[in-house]
Ligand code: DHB
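There is one chain below, alone, in structure tokens, taken in the form predicted alone.
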Amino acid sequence: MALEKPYLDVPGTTIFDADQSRKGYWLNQFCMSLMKAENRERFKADEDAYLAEWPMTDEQKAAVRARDLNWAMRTGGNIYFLAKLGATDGLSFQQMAGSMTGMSEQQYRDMMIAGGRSPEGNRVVGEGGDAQGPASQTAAWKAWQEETAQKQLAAKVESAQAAPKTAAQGHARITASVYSSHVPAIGAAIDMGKTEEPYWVPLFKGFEPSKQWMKDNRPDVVFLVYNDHATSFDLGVIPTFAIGTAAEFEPADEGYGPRPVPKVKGHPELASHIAQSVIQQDFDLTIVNDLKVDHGLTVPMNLMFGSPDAWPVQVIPFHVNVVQYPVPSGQRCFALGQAIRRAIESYDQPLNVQIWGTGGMSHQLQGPRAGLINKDWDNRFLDRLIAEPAELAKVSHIEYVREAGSEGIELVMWLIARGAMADVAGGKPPKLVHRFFHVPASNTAVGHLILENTL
């Protein structure tokens, strides 16, 4: 990865970043389960049977059995989660900390009573402090490493016999942005075979050029901005911005049963890279390792790809809160798009990435004003999104509500995708490939754009 991680050269220290979080998700979830007394009893009664219930790696399970906390952290464990395992064994936090230092319990306590470990000589790898050198290891970890080394050696010998391959060079780049409404009734029409009914024909006809364009310009990854509709996020937790970093995402049951669409395959490495980069650019993201995706994500996928047995691209879901106020401003979303572009362009793999903004256009789903549609305002929004996005980003929340309806605020998500385009950073204006507008799809005006970055 091109992203700098300056903490990697701090001796005896594992920083729990987005990569570690993704890698250790199920290990840490297992540890969390030990907060319930009945689970602790089950684990102590038969460790292997209990561990078999969790989709951890074999190495993670081996680290748990060995109670080797250094090893567990290497595989993605976080000390606050691993402390639940130590508590199950009746250990204090001081005993757990001491176990990772190579000291005896008494030696560790004596060090702490004397004032603790000094940072002198322990700030950078290679200094002369007392925390330098390899981590303390159990015999089980050493045996695992020896076996792994033998397997790696055999794999290298085998690969050496194959024809050499030249690695592709370059960085990821955003080639286009796609904008689309994500009306749930569109998904229902697809799922129930109603796309040829007179009511629906004009809408789906408007996306036919987009499907052909997508066949000719298929990306490796789609960074898809959408909002969760009280599906994965209830009122217990309401993240303003949340990025999905898992390897796959199940279609959610929104009350009618899950949609009959394929699982969404993620790109965990790029997602974790984007999360770290964007947070370092002072945008606060929630990192989500377990996420079910609703119609907000799957309907645009159908509109652009049809109904394949498997989605032909990897997807990074990016949720924006537009359900409960306060919601992020248009300017904040536009600036976030610029940070996402910088993050993607710093990823050192030559990936073709598209960024999609979904939701909207004008619609209101609640109260006596339900059914509001404002065609003129919607089309001016499309004009301005193409030609003057920075000015459009200044539109206030109250204008969205008054002119585009209470749920029209979803359009701020389109500004994230627009902010990621090259012209915003001084490049050439994008090429307008396709524009489409239709009223109605159930309760909603439907808008759609495809913009290509130009070299």
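All residue numbers are counted from 1 along the displayed sequence. These numbers come from a predicted model, not from an experiment.
The discussion below concerns the form predicted in complex with the named molecule, not included here.
A residue is said to contact a partner when one of its heavy atoms sits within 4.5 Å of a partner heavy atom; P184 meets this definition for the named molecule in the model of the complex. Within 4.5 Å of some heavy atom of the named molecule in the model of the complex lies at least one heavy atom of H295. By the criterion of a heavy atom within 4.5 Å, A18 is excluded from the residues contacting the named molecule in the model of the complex.
For the chain shown alone, K84 is not a contact residue for the named molecule in the model of the complex, no non-hydrogen atom being within 4.5 angstroms.
Residue-level contacts in the model of the complex: of R117, R173, R332, H229, one residue has a heavy atom within 4.5 Å of the named molecule, and it is H229. Proximity to the named molecule in the model of the complex, defined as a heavy atom within 4.5 Å, holds among I238, V157, A143, L365 only for L365. Contact with the named molecule in the model of the complex, defined as any heavy atom within 4.5 Å, is confined among 20-28, 7-15, 428-436, 441-449 to 441-449.
The partner is not shown here, but in the model of the complex the stretch 392-413 reaches within 4.5 angstroms of the named molecule through a heavy atom at E410 alone.
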